[in-house]
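In the block that follows, a single chain appears as structure tokens, in the form predicted alone.
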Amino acid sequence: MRVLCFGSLNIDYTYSVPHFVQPGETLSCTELRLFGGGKGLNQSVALARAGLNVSLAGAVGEDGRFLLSELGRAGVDTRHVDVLPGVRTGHAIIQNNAEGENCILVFGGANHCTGREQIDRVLGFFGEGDVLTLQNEIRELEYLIRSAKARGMTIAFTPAPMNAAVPLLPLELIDYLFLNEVEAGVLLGRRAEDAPLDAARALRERFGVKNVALTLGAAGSVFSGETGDYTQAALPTEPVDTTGAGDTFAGFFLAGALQGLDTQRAMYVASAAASIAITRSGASASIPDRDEVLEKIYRNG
């Protein structure tokens, strides 16, 4: 079994600020750091650090070549990432406040150059029994979903950033849907955080998704799927930067499920991984490896 993550690669410009900038306000930041990011890059790193054989497909400009080196050090195969001349790598402007919360502005750049020629070329190396993970930061998602399913691949999808195109995708072909309470609320047209497990069930019923994992920040996570319904409390942690926490959860949960863990255990491992990630700055840079996560679980009993 191989995992293909077809998604975005970003350069994250992370600004530490006392509070999020307000309309009309000029605010001085206390620090600027550059990290590798993008939901495709983040999830591929999480999957690799959780112990899976992972390839990432996507695109960067010449300014993003250093991201390929970072991915290689994390154990991710980058041979399917195209380097495009004359195109800027996608990037994100991230404000990280004193409470560890963030707000993010994204420029798609090379991520929006995904086309059917690249999709067909890359999918030619994968087939039945392999896994495809997707996020909503590249183009031709419907073509990707249908093409991968026709090859017999298992598909996981994170519909972030949420937009009006998501409900129009063939979500009934999705095996694992990962989203937060805000994204779930948009899809359902109502608040999801008031009854999150009901919301996860409703998403399955409305869109025909096999398995739904809904993250709730400090309130933990819920799951509704083929193995039943489950809840998982968040592990107590003092957050430094929550960027990439959802991608860490998704990567470690999916890895656990594919490695044969029961659902409740996979949720616990994913929660432990996310709880480590939010104590560090950056997106992919904050993602722990499997041994760190197991050590934390051992310490917590």
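For every residue, the number given is its place in the sequence shown, counted from 1. Small disclaimer: the values here were computed from a predicted structure and weren't measured.
This next part talks about the form predicted in complex with alpha-D-ribofuranose (RIB), which is not shown.
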property	result
alpha-D-ribofuranose (RIB): the contacting residue among Leu187, Leu169, Val106, Met153 in the model of the complex [heavy atom, 4.5 Å]	Val106
In the model of the complex, segment of 266-274, 249-257, 30-38, 64-72 with a heavy atom within 4.5 Å of alpha-D-ribofuranose (RIB)	30-38
alpha-D-ribofuranose (RIB) contact in the model of the complex: Ile287, any heavy atom under 4.5 Å	no
4.5 angstroms heavy atom contact with alpha-D-ribofuranose (RIB) in the model of the complex for Cys113	no
Any non-hydrogen atom of Leu173 within 4.5 angstroms of alpha-D-ribofuranose (RIB) in the model of the complex	no
Contact label in the model of the complex: Ala92 to alpha-D-ribofuranose (RIB), heavy atom within 4.5 Å	yes
Residues in 56-75 with any heavy atom within 4.5 Å of alpha-D-ribofuranose (RIB) in the model of the complex	none
